[in-house]
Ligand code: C5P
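Heads up, the chain below is alone and in the form predicted alone; it's given as structure tokens.
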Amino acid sequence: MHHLARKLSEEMLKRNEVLVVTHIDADGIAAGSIACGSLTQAGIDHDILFVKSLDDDATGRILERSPEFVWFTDIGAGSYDLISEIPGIITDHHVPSESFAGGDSGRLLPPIRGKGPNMLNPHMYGLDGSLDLSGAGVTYILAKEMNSENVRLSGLAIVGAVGDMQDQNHRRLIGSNRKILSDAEEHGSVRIDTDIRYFGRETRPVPRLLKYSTDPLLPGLNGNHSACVTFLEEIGIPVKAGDDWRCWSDLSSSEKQRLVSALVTLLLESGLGREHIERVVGECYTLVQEKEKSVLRDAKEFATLLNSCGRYDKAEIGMEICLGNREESLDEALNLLRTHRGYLVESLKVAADTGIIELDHLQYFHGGTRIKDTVIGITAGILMSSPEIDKSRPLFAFAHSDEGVKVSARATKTLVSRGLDLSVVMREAAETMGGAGGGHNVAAGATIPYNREEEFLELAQNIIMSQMRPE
């Protein structure tokens, strides 16, 4: 993979002008920022275009610019047919479309292709793009081959991986992500901590951190601020220092240990097993060059900030923050983050009100116009990780968009181990009805024509049934 990256970097460095095309989520914004940062370092003129997906409309917007060369980051692998005539390079971690596949020994193509964009993709080397390497990570590998000084961008690759939830299953980053993590540690931009995994270590008062905890949920504390305050007081942890609420980062080591022990006891007394208890603590990634108690200091919070920018049509603000332009951009991003958090709460309420409908081989809910198409996937992911959701079948979620009906699907690694591949399900079912889809085996998306949801569900069920092996 590094050999190919070296050859592709030589191709990139020959260019006078490059258009970067990237996705709007945290991984895509981090990837696009890495690309732009490396092009700036190389003295190559460039511009960036953020897209929700690569469809006919997005491809038309690219071609309107008559680009000399295009760098697709965190996007392009599953839509190769649409961009096969565009000169450029793809650094993506999604499953490549069949039109790109070929060859043997796990490699899809020879190192340099004569026509159309070349691709650097972990799936070409037998790696899992949903766990081993993010879009930002693949982009970083190419950037580092362009110039070793681009190791300064390694922290953004970690933010991208965390934003893509690649640390979720194992409570730590694995695979090729660890090599990038090593770069970031050596550069002094990231510190690995074994710590509580709940969101908001740097910025949330401890009662709020517990109140909004997920994975695992805390029985009796979730959603109940006063219960969280009482819980902390009963184990001797002051919730305030003077008039200021204390955050997790304000607690002493002994206080942190006492609180984790109390949470473990709570989970045990609630009848939850080892798999839930183990998820309280894991690896966390601190961006040590950022200010303490800043939303940018914890990789998970940084990624959420980027997501809030991209999902509300302000991805360029996220990129400005990634590249260090903070003065005006950060204030605007923080406002977007507050909007994002509130909107996610409302989206989860919509899903609860709508209800999840169970079919033989999948379950689904429809957000209609009440859930934005840009957050339907996040909503489905949060629901899939909650204990109330049936884990024996994948969860599909629908929302209306300007381009059609957006579909997002989420599953567990257990289902994947039995043969489920949502990237195939979404691509084949969507293409059968004139749409487009793709992604990862455990998480994928598609866009289909309006009023065709029932047909899509039937197609998806048939594909899932053919994939799945008995337990």
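For clarity, every value in this text was computed on a predicted model and none was experimentally measured. Heads up: residue numbers just count along the shown sequence, starting at 1.
The protein also exists as the form predicted in complex with cytidine-5'-monophosphate; that form is not presented, and the subsequent description refers to it.
By the criterion of a heavy atom within 4.5 Å, Thr214 is excluded from the residues contacting cytidine-5'-monophosphate in the model of the complex. Though the partner is left out of this view, Ile389 does not reach within 4.5 Å of cytidine-5'-monophosphate in the model of the complex, counting heavy atoms only. Contact between Leu39 and cytidine-5'-monophosphate in the model of the complex is not found at the 4.5 Å heavy atom cutoff. Contact check for His123: every heavy atom lies farther than 4.5 Å from cytidine-5'-monophosphate in the model of the complex.
Stretch 162-170 is the contacting one of 237-245, 276-284, 162-170, 197-205, since its residues have non-hydrogen atoms within 4.5 Å of cytidine-5'-monophosphate in the model of the complex. Scanning Ser130, Thr304, Ser154, Asn177 against cytidine-5'-monophosphate in the model of the complex with a 4.5 Å heavy atom cut-off leaves one residue, Ser130. Checked against cytidine-5'-monophosphate in the model of the complex, the candidates Val405, Ala429, Ala443, Leu420 yield a single residue with a heavy atom inside 4.5 Å, and that residue is Ala443.
Contacts between stretch 421-443 and cytidine-5'-monophosphate, counted in the model of the complex as any heavy atom lying within 4.5 Å, involve Ala436, Gly437, Gly438, Gly439, His440, Val442, Ala443, listed in sequence order.
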